[in-house]
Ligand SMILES: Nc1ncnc2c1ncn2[C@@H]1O[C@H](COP(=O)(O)OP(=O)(O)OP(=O)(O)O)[C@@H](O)[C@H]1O
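Only one chain is included here, represented as structure tokens and corresponding to the form predicted on its own.
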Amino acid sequence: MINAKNLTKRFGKVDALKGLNLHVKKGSIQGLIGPNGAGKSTTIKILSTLVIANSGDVTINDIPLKRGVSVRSMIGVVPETPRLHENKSARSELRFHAKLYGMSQKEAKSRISDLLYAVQLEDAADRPIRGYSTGMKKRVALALALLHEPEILLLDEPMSGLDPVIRKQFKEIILDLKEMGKTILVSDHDLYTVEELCDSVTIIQDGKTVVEDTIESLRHETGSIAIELRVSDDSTMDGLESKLTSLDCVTDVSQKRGWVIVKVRDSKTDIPVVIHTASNHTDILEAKQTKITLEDIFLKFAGGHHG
């Protein structure tokens, strides 16, 4: 659905993108994550036709991005900071944009009514936007992005500034849009949110793609399971770490606040080996199993400079 190859973008003397590649499958939600300055917002702006790349190719549904209007009609964008007419109401803002899209009054009225319901703004639809909360403004921006019924949504930091309740509602709306067949690219610093929403991720750093795959595949590559061990004698931890590192089934060993954290690929076969080896080396007070998170994946591939 979205294919970007070797994208480069320079702002003055700064190379924002240095050959970035991106592939987003139709009907999926994909996360775009990376440290501050990695090129996430620049990528979103290029895909949304707001910024022109210096080089590289982008196709949207097999149509070159350079085709302009025909591509823009397929895309809806929710920017990190929506630019809205603060004195208008949500309904009048939507009416204004419906006119720009050439909708008839009847078509616009029906579409706007449906959208206000979908983004849960019916009760506030006729109040001035200047009195809206950040979450409400984000929902107006989402309704505007959906007004022309695009196939693709580009969401730049959609959860920033939202309280937990509104964040949950926004996630549900995005997941509903996926069920409707929309293709969605989400750039967000909140890795927990990305993990909840997305089927796959593209991790970028220094303007380049580091890795791109499904979260499950990356979880398996990172080490699908972590087992955490608390020992009776802290002086044995370094020796235990060395012993466990030598096991073929172990992908990583680290220490954190009195715990030895061991990552393995298979919980059924590998964890019993780890427990047996550890028990032969020292007394184990407690053991607990945790799933590899997107943060673990991010730290593995992006070097831990998460901002």
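Quick note: we count residues from 1 along the sequence shown, nothing fancier. Nothing here was measured: the structure is a model prediction, and the numbers come from that model.
Here the subject shifts to the form predicted in complex with the named molecule, a form of this protein not shown in this document.
Q. So which stretch, 248-256, 29-37, 52-60, 274-282, is the one near the named molecule in the model of the complex (non-hydrogen atoms, 4.5 Å)?
A. Result for this chain: 29-37.
(Q) For the three residues 16, 42 and 157, which mark the spot I'm curious about, does each lie within 4.5 Å of the named molecule in the model of the complex through at least one heavy atom? (A) Yes, the whole candidate spot contacts the named molecule.
Q: Could you confirm whether residue 80 comes within 4.5 Å of the named molecule in the model of the complex, counting heavy atoms only?
A: Yes, contact at 4.5 Å.
(Q) Against the named molecule in the model of the complex, would residue 167 count as a contact residue? Criterion: heavy atoms within 4.5 Å. (A) No, residue 167 sits far enough from the named molecule in the model of the complex that none of its heavy atoms falls within 4.5 Å.
**Q.** Residue contact check: residue 127 to the named molecule in the model of the complex, 4.5 Å heavy atom
**A.** Because no heavy atom of residue 127 falls inside 4.5 Å of the named molecule in the model of the complex, the answer is no.
Q) Is there any non-hydrogen atom of residue 171 lying within 4.5 Å of the named molecule in the model of the complex? A) It does not: once the named molecule is placed as it appears in the model of the complex, residue 171 has no heavy atom within 4.5 Å of it.
Q. Which listed residue (189, 220, 208, 97) meets the criterion of a heavy atom within 4.5 Å of the named molecule in the model of the complex?
A. Of 189, 220, 208, 97, the residue with a heavy atom within 4.5 Å of the named molecule in the model of the complex is 189.
**Q.** Within 239-261, the residues that have a heavy atom no more than 4.5 Å from the named molecule in the model of the complex
**A.** Stretch hits: zero.
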